[in-house]
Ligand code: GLC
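Have a look below at one chain only, the form predicted alone, in structure tokens format.
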């Protein structure tokens, strides 16, 4: 793999483009909207923006159903708009990370249309086919529910889809597929993209029929195929960043596929927390009210304390486009909303790894309330109602709606809340593609810019602190200890060349005792009253010290 620059000092900001800012008042966020808000993003201290897919799409799965890798969806703008955004971002020393959907394409993609036109077309090789299904294959489920195989009458064959029926899995065993995906990288690199998030990379190798039981994760040829792709796609390209997305990646997998002879990516998204609060039976399509806050430590601790995990190897996050809003899931939406949001931010920025902020997280955005099935837009939610309510009767419709209001992906895809005016300042008033969050009159950028004690200004402070020459080596390169104390507090200790930053995190609505470190300087607190500490942390009070 081409040697890449270290991004360990950078702060990433993730944008779901349809919901960030609508520059032309058509109800959809767009690329020009991102460009207009670059100064705001820069003011946070952001170094790189990861943008969810902007390709031509039917938007059946939030743009991850790609119709053309070398185009921009008309709702988002044009290639020229994208080039302008790249240039404006560069002026502000902000890199753009492109979301590369490696595993599948839309059933409306030209490749698939040619594939089902004739089995003699080259594009037929790009996909996985069966003339007849085995017993195991007939019973193979897709991740979004239903069978993983779909019949095409015109060629009398079945194609494989791990996700929805409109997302056709690519055949990475064939060199034509790898070559075609290499050309996608070339196209965006030439425009100026230097960061590439490789979506669902653990699924690109399928072992049949054994892999059916494991959702085809890390198949036997995944290393061979990805290394071949990396060599073709990234050789002789300078200053690139590769972020691998492999949901639920374990420490063992991180070290195997992030280092050494089986390396397939220079960095991996760290999923330690994302499942907390999901149903043990139905995942994010359900809810586990008995979730344990202690898992924030127990699941992250191995990644933090293993010295083989270097700071540039992992990217940590609280929320993203595949989860609901972190504060609604785990924090306090009411009296201690401000303090709980700051406590989670402090935890994120105190840990080893690259921090990634999801848009709106810096103002403590919350889940909205969806009242009816028809209010949801996410294909996963729509399929969950069909499979778990209508067909299997696992949940009542009332239950399903409740649970999607807690963990559903639509919660994190509502428009950014810029001000308290119409449509939260997202646009000038036309109906938005998805509902506006219910809290926008209170929770918005304008309000928080005017409040020195706001969550937004806290994010600015902690980012500035992380980049401060006095502390950055500790917070970026220092060793990391992540402890669960007997009284329920989390303790994070970062150390570099004898200097330490010690952090106490209280994620509970309870007062907890702790011992102030000797000869320590207070750097930051999630409470804004500057009250002298009495060895007690109040509800959602978290404190950072330097010694």
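Source: prediction; values computed, not measured. Numbering follows the first chain given and starts at 1.
Another form, the form predicted together with alpha-D-glucopyranose (GLC), is not on view; read the next lines as being about it.
- At a distance of at most 4.5 angstroms from alpha-D-glucopyranose (GLC) in the predicted complex, all three residues 104, 167 and 409 contribute at least one non-hydrogen atom.
- Checking 198 to 206, 152 to 160, 338 to 346, 308 to 316 against alpha-D-glucopyranose (GLC) in the predicted complex, the stretch whose residues place heavy atoms within 4.5 Å of it is 198 to 206.
- Exactly one listed residue, out of 124, 216, 325, 321, brings a non-hydrogen atom to within 4.5 Å of alpha-D-glucopyranose (GLC) in the predicted complex: 321.
- Checking 144, 303, 385, 403 against alpha-D-glucopyranose (GLC) in the predicted complex, a heavy atom within 4.5 Å turns up for just one residue: 144.
- For residue 61, a non-hydrogen atom is located within 4.5 Å of alpha-D-glucopyranose (GLC) in the predicted complex, even though that partner is not displayed.
- When contacts are judged by a 4.5 Å heavy atom cut-off, residue 245 counts as touching alpha-D-glucopyranose (GLC) in the predicted complex.
- Looking at residue 194, you'd find every heavy atom of it more than 4.5 angstroms from alpha-D-glucopyranose (GLC) in the predicted complex.
- A residue is said to contact a partner when one of its heavy atoms sits within 4.5 Å of a partner heavy atom; residue 413 meets this definition for alpha-D-glucopyranose (GLC) in the predicted complex.
- In the predicted complex, alpha-D-glucopyranose (GLC) lies beyond 4.5 angstroms of every heavy atom of every residue of 24 to 52.
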